[in-house]
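A single chain, nothing else alongside it, follows as structure tokens in the form predicted alone.
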Amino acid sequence: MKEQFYAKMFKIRKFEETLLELFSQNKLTGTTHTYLGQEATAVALMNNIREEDYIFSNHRCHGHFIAYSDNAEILLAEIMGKKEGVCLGRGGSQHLCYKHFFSNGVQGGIVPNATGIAFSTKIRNEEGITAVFIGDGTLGQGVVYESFNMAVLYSIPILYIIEDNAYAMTTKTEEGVAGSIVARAEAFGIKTNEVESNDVEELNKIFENACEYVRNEKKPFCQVIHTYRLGPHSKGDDFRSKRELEIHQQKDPILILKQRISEEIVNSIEKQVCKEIEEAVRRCDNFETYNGGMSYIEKDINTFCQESILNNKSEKCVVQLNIGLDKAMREDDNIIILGEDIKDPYGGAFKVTKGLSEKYSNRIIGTPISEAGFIGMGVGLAMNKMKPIIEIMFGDFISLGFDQILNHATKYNWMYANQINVPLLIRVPMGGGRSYGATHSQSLEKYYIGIPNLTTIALSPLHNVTLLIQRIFQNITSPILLVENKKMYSEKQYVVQNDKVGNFYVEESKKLYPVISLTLDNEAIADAVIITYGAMTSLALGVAEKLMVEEEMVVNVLVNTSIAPLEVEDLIKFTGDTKHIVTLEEGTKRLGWGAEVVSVLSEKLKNRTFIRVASEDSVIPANGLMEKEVLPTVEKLYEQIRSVYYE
């Protein structure tokens, strides 16, 4: 065992030293974070990891990866940007995926993902535990403690490994971490062990006990390792004194184990490892730098669909939404809902999940007030074949989970070379008009529509919401943001009969998430067209009727189901030769959704007039009269269209 330990530790050491040498020769670009001096921790843990277990690592992941995979070449190829790399060169040094090994570079962000994937193994009754590496500097991230809390609440089989290597970049641990590291995990009731060691044999026994505890008790465990980083944070950013480094070099894990093995065996191991690394460099140099093209970064999920999504039942939106979730959960055991106060008898702030916990008690998970944490757990759940639904109590609160959406959920599939899907649905109640005030009335979807690989869908009064939910879960493979306007919940959906709703003729594009076209005159060229989505549909239709009656203007309305990505060709088709194009949204105007619609259409359509109608660029007041001044109204939209028409 000593010889095996030494071979793996020396391989990590030689690999990291080779990387620094290649950087100095300008043969590598980007950055790296070497694992020099910490090799014993990774090797000891991986000796106790089984094939069914999951590993989550951070920016300093090379040592963890080599100890897990024993394959330096595919890691080097990845760092060099080669097709033969573990992620086709897409992820580089910090973003790796191999079997059950994942790493990402955002500090703390992987912790709820790891906690979620560990939760999935429990829900699915799978064998295996999850281990996640955390640095001492990462203890400054709040999402770590949200994860600790939920791991205990749900008895999740996960091993948290805190590698205190004395520095967070150049900040000493004692300057960045107050109090006791051990006490932080223990405060949540997590059993914790602490050791200062670079001795791989000692650490092997420690991890044997830690892994055995998690496997047998099905509970979280925290192992704190006090070690030391012998290399720089990255490449040339090392400001430690020569004396300090000399003191810790005497505790080098390679030297500690080397003393227990014969010189002949050590020389043989080192010679073999050096040859392996040299050969890996030679082979990777000969691989072609991969340029696979970028056109496939964002998948087109809005594919052809013949069936209509229009509503034909007189039901409230919240009822259809509830029925849709119920049917989806009944048909697919992998669907699970997480959110605050969603269990019965309360059933969520807007009663969308009312009655569901009585039917699916183990799959309706009431969470703490931890948006970043439970969105991140949802990402982890989705990474292991689950289909999580995240309910955000008020859409305003989704900002607390922005990092999980931007840097984790939407990046994993492409960054990991399509090895992982993240079928995650996040439901967000947006919108004002209820006098809830500045932090409970916003429409924030514009901050998310620019994120690649995130589909943003909006419910409108025209949709059969039950069918829409069914359609989502029959096709979901990547993250979807579902925008639900709060005012719609208590209102009945429009009933479409014989291709008409009221006085409007209705047509929809043949897409999974269609554009819906409405007109009062299906033979005339419209004087104006309003392009909108969600609850603004009602306002747009009201103004279109008012302009027909009072000004004899034909104003068509185009309702987008998918507000990102936009179905540009369908918008162009339905717009036709109409000169005046109006965008309508409830979010603020500056850099809004309407600006994107105008931008893409102006690139395709010439000699058109564009108007954007949206909320004022202002904080939303709680005072109802003042709120009305901020939000779009019939009067504002009417006057904008009328004024441009008569110019």
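All values derive from a computational prediction rather than experimental measurement. Each residue number is its position in the shown sequence, starting from 1.
Here the subject shifts to the form predicted together with a small molecule, a form of this protein not shown in this document.
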Notebook entry, point to check: Quick one: which of 207-215, 220-228, 311-319, 102-110 gets within 4.5 Å of the small molecule in the predicted bound form, going by heavy atoms?
Noted result: 102-110
Next item on the list: Heavy atom within 4.5 Å of the small molecule in the predicted bound form: which of 504, 416, 148, 167 fits that? Just give me the one.
Entry: 167
Checklist line | in the predicted bound form, the residue from 401, 137, 89, 423 that sits within 4.5 Å of the small molecule by heavy atoms | finding: 137
Item checked: Close approach of residue 141 to the small molecule in the predicted bound form, 4.5 Å, heavy atom -> yes
Next item on the list: May I ask you to state whether residue 427 is within 4.5 Å of the small molecule in the predicted bound form, using heavy atom distances?
Entry: no
Next item on the list: Indicate whether the small molecule has at least one heavy atom within 4.5 Å of a heavy atom of residue 580 in the predicted bound form.
Entry: no
Check: Does any heavy atom of residue 62 come within 4.5 Å of a heavy atom of the small molecule in the predicted bound form?
Finding: no
